[in-house]
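As a starting point, one isolated chain is supplied in structure tokens, in the form predicted alone.
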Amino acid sequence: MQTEEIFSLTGVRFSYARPPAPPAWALDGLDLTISRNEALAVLGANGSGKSTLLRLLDALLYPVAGEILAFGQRLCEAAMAEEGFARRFRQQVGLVMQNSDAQLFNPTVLEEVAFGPLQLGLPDSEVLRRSETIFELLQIGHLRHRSPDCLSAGEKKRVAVACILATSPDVLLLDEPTAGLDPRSREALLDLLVDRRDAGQTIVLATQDLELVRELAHRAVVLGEDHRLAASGPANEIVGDRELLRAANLVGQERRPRYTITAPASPPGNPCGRL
């Protein structure tokens, strides 16, 4: 059975520098396809272009060369200027940013979760229904009247995810979703993402969390420090290739301890070392 391609990238290049400054490529000649119902991990060292790729997929940035197709249509400024396409695209694709503080701006959690559905023009009754469903799903109903500024990092991340899920996107983009989370918050988020994956949602996550990739992703791609695609394959094979990960600066060189630490000798007549 043929799989449906949601995104297709051909020769994509992007630079944050603008003429007359020479380009400094954040992505350089990227070819990539992403299929429906796929959980794809994008691995790479800091500065390799992972976040840039997610922003291109979310139409927050546009290539300076090459082409991106989304749902069979070219993704570009002209397409996003068409109200019908832009509305459909924003409903189909949602991005959870690495820094939750950059995504949360409403006075209360309830208003945060309701904001996306309201922007889609949904009636108030549907907005309320979606909000209550998401509160129950993520177990954050007790936060509904709290200000996002007063939440912990883990709570903010769950609220940011809730804001995107409330729009019922086909594709969930996540930028370093486990960064800064304590173990309990990380486990709760992973359980949620596994459930979404098993329900058939397309997930693309940029991360350096190799254990997360092993637990969640079907496939992984590696961006090298030259901002090019270094590898693509089944997630377990990619995270098991130590030479590849070392070349991409995702793991360090295995080395023996340089120093041996020994316990101080006990004072004479005090064999237990007690004062």
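Note that residue numbering follows the sequence shown and begins at 1. Everything quoted here is computed from the prediction, not taken from an experiment.
The next section is about a form of this same protein that is not shown, the form predicted together with a small molecule.
Peer 1: Looking at 66 to 74, 210 to 218, 41 to 49, 236 to 244, which one sits within 4.5 Å of the small molecule in the model of the complex if you count heavy atoms only?
Peer 2: After filtering at 4.5 Å, what remains is 41 to 49.
Peer 1: Is residue 176 a contact residue for the small molecule in the model of the complex, using a 4.5 Å heavy atom cut-off?
Peer 2: Yes, residue 176 sits close enough to the small molecule in the model of the complex that at least one of its heavy atoms falls within 4.5 Å.
Peer 1: Can you tell me if residue 228 lies within 4.5 angstroms of the small molecule in the model of the complex, counting non-hydrogen atoms only?
Peer 2: No, residue 228 is distant from the partner.
Peer 1: Just to confirm, residue 59 within 4.5 Å of the small molecule in the model of the complex by heavy atoms?
Peer 2: Close contact is absent here: in the model of the complex, residue 59 is far from the small molecule, nothing within 4.5 Å, heavy atoms only.
Peer 1: Can any non-hydrogen atom of residue 36 be found within 4.5 angstroms of the small molecule in the model of the complex?
Peer 2: Judged by the heavy-atom cut-off of 4.5 Å, residue 36 is well away from the small molecule in the model of the complex.
Peer 1: Taking 4.5 Å between heavy atoms as the contact cutoff, choose which of 108, 98, 91, 201 touches the small molecule in the model of the complex.
Peer 2: Comparing distances to the small molecule in the model of the complex, the residue within 4.5 Å is 98.
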